[in-house]
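One chain comes next, on its own, written out as structure tokens in the form predicted alone.
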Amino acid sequence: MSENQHLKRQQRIQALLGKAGLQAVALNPGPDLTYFSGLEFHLMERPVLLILPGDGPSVLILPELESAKVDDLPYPIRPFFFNEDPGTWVGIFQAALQEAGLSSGKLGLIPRRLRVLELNYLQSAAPDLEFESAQDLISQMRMIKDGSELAKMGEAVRIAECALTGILSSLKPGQTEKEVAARLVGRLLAQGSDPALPFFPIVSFGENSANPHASPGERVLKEGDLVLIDWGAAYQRYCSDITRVFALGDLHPELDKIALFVAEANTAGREAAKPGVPASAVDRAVRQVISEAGYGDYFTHRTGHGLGGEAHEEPYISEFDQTILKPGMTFTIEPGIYLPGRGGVRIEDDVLITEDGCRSLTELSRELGQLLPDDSMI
């Protein structure tokens, strides 16, 4: 990323604030703050807040122990440091808000991120300040990925796919879900993933695969099992999120059948995804295949979700999301059929909307992978 990219993003949001009726937007630690500043902080007992005003340099409230992070930034910023005495923190917030011209007016916040901790300091420091959600404003910017972001996502996909293929031949009857998940995490890190994974891998065997968000446990792998693996990597804070399903030996015929239907639905979703159509149209295309196959009641979640600096972000590929797809948007397409007590199949790809359609960033086969009981893979 060029040194000026974060400044350009700050200038772009400044140009949009007035149209949204906001004097500024405030961001606490997380992907939004990093997107606009390149800085990373973790949530802790000490507040951190980046304020992007409608005019002038950004303002950053942070503890003194983090002061080195703002040394030699390639864009102007006005830092306000506080010490370990919480009794002085309201005063620091007051000074920072005054510097940003925010004694009154409307300040945009991100409801999904801002904690009561920071909100209380803002309210105490500026009682006349009004607060409104800036979620849509920020999301509209972040949904369109630039070349640098797409390159990082592509690398996150490559890391994830290499990690999984590196452990498949080692899957053996008697291993637990937890053991396989741990081995996959090790491979992800060895292949170059950021230590902060998008999420801990889902590894579920047999009947557990019917739970879309199962946690790896002590269930052991045995012949005749479905093996569902949902995993991802992060590269320079950008994510991948993939799901593939395998079989150890022969499956019940109905489980083979639903795997075919899910693969067909995945294809329908990728074909429906193109510029100018609403996200809901992709969900309808996927859901139609599964419903016509007689399994509509067993597809229990939306078709997908946006992907980028977070594992889940806008747009959401559901019947309720009317976001018009545009080139540069990235999201998952992940239909599933889940038969309680028996097993489930989900096939998840990461896709990019292009000028004339949709390109899958993920390349692993979508066919039901066959694991042989003698531990070899075909």
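One-based numbering along the sequence shown. Keep in mind the model is a prediction, meaning the values are calculated, not measured.
Just so you know, the form predicted together with a further copy of the same chain exists too; it's not on screen, but the next bit is about it.
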| item | value |
| --- | --- |
| 4.5 Å heavy atom contact, residue 302 and a further copy of the same chain in the predicted bound form | yes |
| Contact flag, residue 72 vs a further copy of the same chain in the predicted bound form, heavy atom cut 4.5 Å | no |
| Contact of residue 342 with a further copy of the same chain in the predicted bound form (heavy atom, 4.5 Å) | no |
| Contact flag, residue 249 vs a further copy of the same chain in the predicted bound form, heavy atom cut 4.5 Å | no |
| Heavy atom of each of 109, 117 and 185 within 4.5 Å of a further copy of the same chain in the predicted bound form | yes |
| The unique member of 137, 150, 189, 168 whose heavy atoms fall within 4.5 Å of a further copy of the same chain in the predicted bound form | 189 |
| Stretch in contact, per heavy atom within 4.5 angstroms of a further copy of the same chain in the predicted bound form, of 268-276, 152-160, 177-185, 254-262 | 177-185 |
| Residues of stretch 44-80 in contact with a further copy of the same chain in the predicted bound form (4.5 Å, non-hydrogen atom) | 44, 45, 46, 65 |
